[in-house]
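Next up: a single chain in structure tokens, the form predicted on its own.
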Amino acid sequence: MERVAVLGAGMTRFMRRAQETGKELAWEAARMALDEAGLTLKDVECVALVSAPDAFDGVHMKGEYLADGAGATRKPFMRSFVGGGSGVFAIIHGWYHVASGHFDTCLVVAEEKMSSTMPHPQAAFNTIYDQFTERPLGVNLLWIFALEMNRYMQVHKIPLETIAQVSVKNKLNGLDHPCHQEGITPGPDLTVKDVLDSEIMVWPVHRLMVSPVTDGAAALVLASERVAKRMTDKPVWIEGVGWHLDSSYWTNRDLYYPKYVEYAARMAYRMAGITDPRKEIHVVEPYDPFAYKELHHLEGLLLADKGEAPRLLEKGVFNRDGELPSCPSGGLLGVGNPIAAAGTMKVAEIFWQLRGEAGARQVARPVKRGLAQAWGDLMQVGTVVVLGR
């Protein structure tokens, strides 16, 4: 297998957009990534694209629709998606193209335009559940996550105030991000009380514990070792990738622990030669569409024991200046959540952290290895990428 490096990354402003099309968002992110890598479209040998299922954006055959905007005209091109896990799976998808030796460069593009969908993407979710036992209940993500969050809290005796601390941490971190979505953080003085005073969507989920509807795109340029060594003196390497698909019968699983994340993480750690992730991972961007999910996923990533992540949060371990900075970018809660592009944003953030180019988001301690993770579909898909210098 060829070694694969990340040469450049790009990211649009996360916001609701009335004018720009998905093609234009994909083009903007791709252009920024190519500029940072010092390459042009002529240097791109293939393109890997992700966007969540067509119904989320209301665009049929969305891969074909986005192809030219993503720079794939007359190039080998493939679209994949695994719901919210798509953004990290995109990097795995592109990694395979280059690691196989078939291509020296791959442009990975992730795009999502959620705000223009009619009806809201929540309506699409109800159609994927069992039509006899689940769909009549009017299933939506908010109350499914409320069930999972409640189970997690009950098993580990986690106070709601601790979950709210995740929102405070990430939303305040997000204020330092140049691409963060305006209006999702009430202000620089946000407190736990503010989070708990916000509207209850479905108990125990409060509005400020939920990531927003967002339009945006992110892109990365991947390259083989021979190209990377020619183009940069500080490549960031993809050291490990992992993914796992659990059963879609979420009602048959104990939701207090995400096994699918653990299995994906173990695969990536094994590939990267990591035996003690808590010491060998220096910065992490776990998937945080809801506040409790960051803690949930940190445990699945084996970066905390089961039920330990909330205690470590309270001690400041996951702060930007803590022992294991988690979501120093602000994550989905603090920056925005364009579903498929969100995971790619997290890989880009780890790339910038390892290069020391994260600006105000740069963590306090030296970092040599980082991890990005995303989750998708019916609480069943785990996707993990480990990057290193």
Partner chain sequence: MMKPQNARGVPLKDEDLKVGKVLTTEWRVKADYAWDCGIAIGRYFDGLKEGKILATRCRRCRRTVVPPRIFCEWCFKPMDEWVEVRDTGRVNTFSVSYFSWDMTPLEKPEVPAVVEIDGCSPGVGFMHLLGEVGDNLDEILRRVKVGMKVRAVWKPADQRTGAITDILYFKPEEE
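Positions refer to the first chain, counted from 1. Everything numeric in this text was worked out from a predicted model, so none of it was measured.
What follows is about the form predicted in complex with its partner chain, which we do not show.
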Touches its partner chain in the model of the complex: residue 263 (any heavy atom, 4.5 Å): no
Interface membership of residue 103, its partner chain in the model of the complex, 4.5 Å heavy atom rule: no
Close approach of residue 96 to its partner chain in the model of the complex, 4.5 Å, heavy atom: no
Residue 273: touches its partner chain in the model of the complex, heavy atom cutoff 4.5 angstroms: no
201, 303, 313, 184 - the one with a heavy atom within 4.5 Å of its partner chain in the model of the complex: 201
Interface stretch in the model of the complex with its partner chain - options 237-245, 88-96, 282-290, 136-144, non-hydrogen atom within 4.5 Å: 136-144
Residues in 175-199 with any heavy atom within 4.5 Å of its partner chain in the model of the complex: 176, 177, 178, 179, 182, 199
